[in-house]
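Below sits a lone chain in structure tokens, taken as the form predicted on its own.
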Amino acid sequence: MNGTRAVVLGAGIIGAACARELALAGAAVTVVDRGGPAAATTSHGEGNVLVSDKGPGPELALAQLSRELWPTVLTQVAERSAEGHRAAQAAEWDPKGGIVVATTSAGAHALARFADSQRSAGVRAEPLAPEALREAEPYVTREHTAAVHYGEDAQVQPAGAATALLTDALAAGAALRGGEEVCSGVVRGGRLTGVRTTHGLLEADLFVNAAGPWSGALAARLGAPVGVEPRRGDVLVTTPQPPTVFHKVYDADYVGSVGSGEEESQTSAVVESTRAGSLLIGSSRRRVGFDDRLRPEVLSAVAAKALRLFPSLARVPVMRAYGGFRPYVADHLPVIGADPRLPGLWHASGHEGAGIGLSVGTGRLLLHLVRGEPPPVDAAAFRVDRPAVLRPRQYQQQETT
């Protein structure tokens, strides 16, 4: 790809991962963001690197690729330079594993079926007897009906991880332009050849739309709209605690909440510790556009479900709450690949709450597609020309009739 000019539109973790892969492959990469690196959706996530919440299919395959790549990528970043070493350390890679807990009979049966299907796809999903669960998580509720351990689940500090990827891209020659908003596209001969920004004209051979929940609006500005919309999530943060939660622990309802397309609030319990000692408590999913107001009733519902998993948290102070927008697609699959309507435009978006974990796999997949090489996972399900992406409203209506 030597000499190929690539512009990545978005400096979140997906954009950083794509920029890194393209730059290391020899492309002349420019990353453009209207804000700063990892300043929006990326910095408002929990840092999940999960396989446990995905059933057999293309997204799980992408998650497995990403989980395999993450430790290797961070090692490469650390070995490149002293600055890279510091950046990789800031990513706070923690392969802590995850535990999914059911608290009802129906939940236990559903969790057992789901874990069975995952094992058929190569996921390590090990049932935990009550004694083993108590040993792994001493403070978890005794009112559980089943538990499954996922040893492959991991966690990163999301802004730190994005910075590590972007640091490696810059070390490979990429340029970063923050505070620069894309206003429109320039099309010549039916091909996207440039974008007009608040700082002027930027020309290139290919453009990657990695603007997260703003990808739909950005694509429309460029003349090729896609059905990527914001879906809000909220997280509670406790004061630093003694060791209390040792894995990423969530209730069995979480998978259903992830897969829901309902506009009303969906909540489930996800509890994990951070390296600083605080506990992160999620999660919620709401389709409210870009309304950034915190809703006390949503935070209360999240807290109540967390207390069902960890009753001892009732005495733990919450010091803050934050929320962010995730890029939602109606069929719950990312959009990765070339836009058939507008040559020169590529998309890497629509990961919703899984973007942190899927980022490095997405960057690797995009690189293979750009080069015309066989992809490391089947990319057909992520293609742009599918109903949920090109005709999202009609698709949602068909799904509900």
Partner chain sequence: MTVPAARRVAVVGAGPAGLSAAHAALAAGARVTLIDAAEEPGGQYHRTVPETYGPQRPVRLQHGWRAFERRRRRVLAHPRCTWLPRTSVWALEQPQPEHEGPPRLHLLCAGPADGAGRTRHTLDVDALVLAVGAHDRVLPFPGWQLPGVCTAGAAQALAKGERVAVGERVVVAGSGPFLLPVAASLLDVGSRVLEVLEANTAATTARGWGRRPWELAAQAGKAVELAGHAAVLARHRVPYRTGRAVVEARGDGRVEEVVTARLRADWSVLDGTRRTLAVDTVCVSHGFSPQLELPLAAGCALDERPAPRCGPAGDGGADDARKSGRSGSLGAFVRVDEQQRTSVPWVFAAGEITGIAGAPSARAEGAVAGWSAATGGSTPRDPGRRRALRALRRSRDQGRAFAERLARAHPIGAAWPGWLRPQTVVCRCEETDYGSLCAAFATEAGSASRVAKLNTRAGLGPCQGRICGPTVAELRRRFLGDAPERPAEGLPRADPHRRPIAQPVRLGELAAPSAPLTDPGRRPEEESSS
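Residue numbers count along the first chain shown, from 1. All values derive from a computational prediction rather than experimental measurement.
Just so you know, the form predicted in complex with its partner chain exists too; it's not on screen, but the next bit is about it.
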item: Of Gly200, Pro127, Pro130, Pro296, the one that lies within 4.5 Å of its partner chain in the model of the complex (heavy atoms); value: Pro296
item: Selected contact from Ala321, Ala112, Ala121, Ala172, since only one has a non-hydrogen atom within 4.5 angstroms of its partner chain in the model of the complex; value: Ala321
item: Its partner chain contact at Gly189 in the model of the complex, heavy atom, 4.5 Å; value: no
item: 4.5 Å heavy atom contact, Thr167 to its partner chain in the model of the complex; value: yes
item: Contact test in the model of the complex: His332 vs its partner chain, heavy atoms, 4.5 Å; value: no
item: 4.5 angstroms heavy atom contact with its partner chain in the model of the complex for Arg341; value: no
item: Options 140-148, 112-120, 201-209, 275-283; stretch whose heavy atom lies within 4.5 Å of its partner chain in the model of the complex; value: 275-283
item: Contact check for Leu222, Tyr250 and Asp378 against its partner chain in the model of the complex, heavy atom at 4.5 Å; value: no
item: Its partner chain in the model of the complex - contacting residues of 296-323, heavy atom within 4.5 Å; value: Pro296, Glu297, Leu299, Ser300, Ala303, Ala304, Leu307, Leu313, Ala314, Arg315, Val316, Pro317, Val318, Met319, Arg320, Ala321, Gly323
